[in-house]
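The chain that follows stands alone, in the form predicted on its own, written as structure tokens.
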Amino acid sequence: MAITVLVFFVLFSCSFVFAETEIRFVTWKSQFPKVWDEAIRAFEAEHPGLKIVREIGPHSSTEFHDLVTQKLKNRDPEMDVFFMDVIWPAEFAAAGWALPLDRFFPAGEREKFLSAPILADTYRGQIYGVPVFIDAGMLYYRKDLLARYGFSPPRTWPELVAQAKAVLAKAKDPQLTGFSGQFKQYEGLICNMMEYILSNGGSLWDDDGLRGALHRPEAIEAVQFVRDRIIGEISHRGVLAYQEPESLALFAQGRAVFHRNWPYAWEIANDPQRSRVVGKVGMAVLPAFPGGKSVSTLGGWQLGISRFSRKPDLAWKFVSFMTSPEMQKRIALYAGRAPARRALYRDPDVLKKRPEFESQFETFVHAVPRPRTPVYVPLSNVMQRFFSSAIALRDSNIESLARLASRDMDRVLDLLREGVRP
């Protein structure tokens, strides 16, 4: 009897010791799933007894935001770690949803990262996310077509339109379009339109006066240019339904002269298994309007920990591992994602395989973030509706739509005026 009890106790103890503890990770659908699969396997091998359970959400930032916020609003204890777009930390921090990471992520460690994403992850002096990779808008172009017809990469938006029209006229290819970007009504539309507006000297809103600015002449001129010259002259209307994957697929199939996307597009456009334009692709900074300067929207993704997680210390082990120099190097090498850690831009292995990062570094350093505010999402919703209506309808009254959008933004910004600024 005593032996039986002892054996049972030993077996029970062993099963308890070797039972796996799950860390639940909510992530989006990646275009490089193998990289993330291997990274998670490496974490589990290094931490026996810990298992990462993934819930994979949609690729769209807007739709993924809806998924994550629903879980946070419900105080879902099953979600431990989640991806955050660079515009979400202030919102999640102000709502009390994201866990402050200061005890895990001290100032000395933050200095090893690019400053822009660290700033985006900071709210009222506390840090709420750890950058995984950084993004900034870039111009991709068919260097073979530009060379064939005697063009250099355009420095202004009107020059881009003129070159695209000339190439289309001379190439006489009915499958070829002049420009592919992200013009569907989602957060990517904000990133695209912000680059036009700011490069024309405009702004989305006045962050000091807390007033909408879409009704100002610089913004209206830029929006009208997109409607009349980009959508109206050199793109087919299908781009109004494009997010990143669809717009990149068009370019990679050899059916667009110019393309706006994030740095990862270089990897896909030069992958023989996914692209018909390998070796024919050039990359440059985005154009500006005459008299303006090139503007590239800051993008990128961070890892955050839910305030409602029952396992914050274990969750940090995973966040720390996934944002480590080794993992960011792996993500850079095999997914083409630009690292958020400064040192990797001097890493010989990274620069050998990704020489484009060296020239992109200054773009990343000077990329323009969308304003940090806990009310960004309702502001984004207003802007998305305005931009979509303004550029999709050929006869839209942009001035009237812009005044209404600025009015609605003022109402949202009143919430900050009545409370405390971020």
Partner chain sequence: MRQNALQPVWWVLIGGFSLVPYLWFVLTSWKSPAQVTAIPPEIVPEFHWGFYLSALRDYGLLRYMRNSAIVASLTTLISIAIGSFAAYSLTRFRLSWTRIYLMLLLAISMFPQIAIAGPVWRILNTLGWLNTYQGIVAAYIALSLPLAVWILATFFKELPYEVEEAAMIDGCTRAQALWKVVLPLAAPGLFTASILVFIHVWNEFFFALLILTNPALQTLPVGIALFPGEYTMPWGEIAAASTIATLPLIALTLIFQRRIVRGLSAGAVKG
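C-alpha atoms forming the largest set that superposes within 1.5 Å between two forms make up the rigid core. Keep in mind that what you see is a predicted model, and the values were worked out from it rather than measured. Numbering follows the first chain given and starts at 1.
Not on display, but discussed next: the form predicted together with its partner chain.
Q: Quick check on R255: any heavy atom within 4.5 Å of its partner chain in the predicted complex?
A: Looking in the predicted complex, residue contacts with its partner chain include R255, since a heavy atom lies within 4.5 Å.
Q: Can any non-hydrogen atom of T156 be found within 4.5 angstroms of its partner chain in the predicted complex?
A: Looking in the predicted complex, residue contacts with its partner chain do not include T156, since no heavy atom lies within 4.5 Å.
Q: Look up in the predicted complex whether R211 has a non-hydrogen atom within 4.5 angstroms of its partner chain, and give yes or no.
A: Contact with its partner chain, no.
Q: So in the predicted complex, does any heavy atom of L250 sit within 4.5 Å of its partner chain?
A: Looking in the predicted complex, residue contacts with its partner chain include L250, since a heavy atom lies within 4.5 Å.
Q: Can you check 104 to 112, 287 to 295, 319 to 327, 268 to 276 and let me know which stretch has heavy atoms within 4.5 Å of its partner chain in the predicted complex?
A: Flagged stretch: 268 to 276.
Q: Of the options D76, D207, D349, D144, which one has a non-hydrogen atom that comes within 4.5 Å of its partner chain in the predicted complex?
A: Only one option qualifies, and that one is D76.
Q: Within 4.5 Å, heavy atoms only, which of P217, P100, G232, P245 is in contact with its partner chain in the predicted complex?
A: Contact check passes for P245.
Q: Just to make sure I understand: among 55 to 73, which residues lie within 4.5 Å of its partner chain in the predicted complex, judging by heavy atoms?
A: Going through 55 to 73 in order - heavy atoms within 4.5 Å of its partner chain in the predicted complex - the hits are E55, I56, G57, P58, H59, L67, Q70, K71.
Q: So that I can tell if L72 moves, could you say whether its C-alpha shifts by at least 2 Å between the shown form and the other one after the core superposition?
A: Yes: L72 shifts by at least 2 Å between the shown form and the other one.
Q: With the core lined up, does the C-alpha of L379 move 2 Å or more between the shown form and the other one?
A: Moves: no, less than 2 Å.
Q: Aligning on the rigid core, do we see the C-alpha of A392 shift 2 angstroms or more between the shown form and the other one?
A: Superposed on the core, A392 moves its C-alpha less than 2 Å between the shown form and the other one.
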